[in-house]
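Next up: a single chain in structure tokens, the form predicted on its own.
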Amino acid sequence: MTIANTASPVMVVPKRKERTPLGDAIQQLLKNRLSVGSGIFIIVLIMMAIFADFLNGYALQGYKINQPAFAQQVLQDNNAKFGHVSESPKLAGFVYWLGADNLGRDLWSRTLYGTRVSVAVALVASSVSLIIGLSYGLISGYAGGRVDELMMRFVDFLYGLPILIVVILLQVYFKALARHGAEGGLIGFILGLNQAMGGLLFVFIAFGALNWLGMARIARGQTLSIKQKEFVEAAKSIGVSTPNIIFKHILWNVLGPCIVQETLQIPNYILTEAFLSYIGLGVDAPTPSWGIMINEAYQGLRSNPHALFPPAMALTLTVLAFNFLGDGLRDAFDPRLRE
């Protein structure tokens, strides 16, 4: 007698792909076309700042960017309009694609090199603000008690200061210090380094002095919420040290919102640098900066309005791109706004 095999075939269940909060945020961000386009624009802007010399053939020939038309000043090329071909035999038919300023300097080249200033300010100022503010807020929120009270009262005191006025005063002091100069010592080294950077070092110092305050408050608020979670209590119960709890367990849970907030602040840094350069307290002339170019162009706005368009459009598009990217990141990292 044969017994029929009645065993049912084994069903193979496909392994389900695990989902992570970061993966969900990236998927949500990629659905926002405006944010993706802004991110691509920012990446292109950074690449242009890095490879500016390779995008400008005359820079590779040893001409300095600040010289009129990369050579000697040619009167016929002053305030040249869009697409003007140089009449100077030394420039071998150089084309002013975006025109020239009142000194015969190519606006495309100066706008291109001005990108380095704006990108450097955006990256350095945001990084300094994120590092200082995040560390300060983490320590204050986790410590609690009197330590938290004292640290946050210090932040409140600094918040009472008008930040823009303080930055302007710092720049005035640094400019006066640079004019007097110093031959040696630490001050002489700092002045030499600032001169080599075209005045950017003092801009970074002025920006980093007070711009971390908002980040400290946000990091503290996030830390106060997360330190009450079960996984933090479990880490304490097994004897994990306080620095490890702060920088290995809490940090990675507050980093996302802090990065999003800092991205939204980048346009303010770029606009502040442009404003300081506009009033003569930014980078040192003749270093190309969009603020300096706007300041030089507005004086001849009626007769030669073309000189104002390149730096103004570059500044506007860059600020809008960072704003759109920040909005997209905020929506992507907020679970309540996900589809």
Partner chain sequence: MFAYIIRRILWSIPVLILLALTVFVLMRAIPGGPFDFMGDKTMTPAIRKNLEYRFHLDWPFEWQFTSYILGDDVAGGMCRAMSFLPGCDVVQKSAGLGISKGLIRGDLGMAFRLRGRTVNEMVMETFPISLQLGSIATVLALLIGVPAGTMAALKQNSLIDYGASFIAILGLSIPPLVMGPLLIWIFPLTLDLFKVAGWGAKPPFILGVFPTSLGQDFWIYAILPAITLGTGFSAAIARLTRASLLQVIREDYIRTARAKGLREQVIIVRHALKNSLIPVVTVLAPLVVAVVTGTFVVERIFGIPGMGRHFVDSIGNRDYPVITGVTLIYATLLVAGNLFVDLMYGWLDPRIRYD
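Residue numbers count along the first chain shown, from 1. Small disclaimer: the values here were computed from a predicted structure and weren't measured.
Just so it is clear, the following notes concern the form predicted together with the partner chain, a form of the same protein that is not shown.
Of the residues V36, M47, I26, L271, just one reaches the partner chain in the model of the complex with a heavy atom at 4.5 Å or closer; this is L271. Comment: the partner chain is not present in this chain, but in the model of the complex one of Y173, F231, W97, F189 has a heavy atom within 4.5 Å of it, namely Y173.
The partner chain in the model of the complex is not approached by I238, whose heavy atoms all lie more than 4.5 angstroms from it. Taking non-hydrogen atoms only, P243 never approaches the partner chain to within 4.5 angstroms in the model of the complex.
The shortest heavy atom separation between F275 and the partner chain in the model of the complex is within 4.5 Å. In the model of the complex, the partner chain lies farther than 4.5 Å from every heavy atom of L55.
Annotated contacts: Y159, I168 and I279 all touch the partner chain in the model of the complex [non-hydrogen atom within 4.5 angstroms].
Residues R302, P305, L308, F309, A312, L315, T316 are the members of 302-318 with a non-hydrogen atom no more than 4.5 angstroms from the partner chain in the model of the complex.
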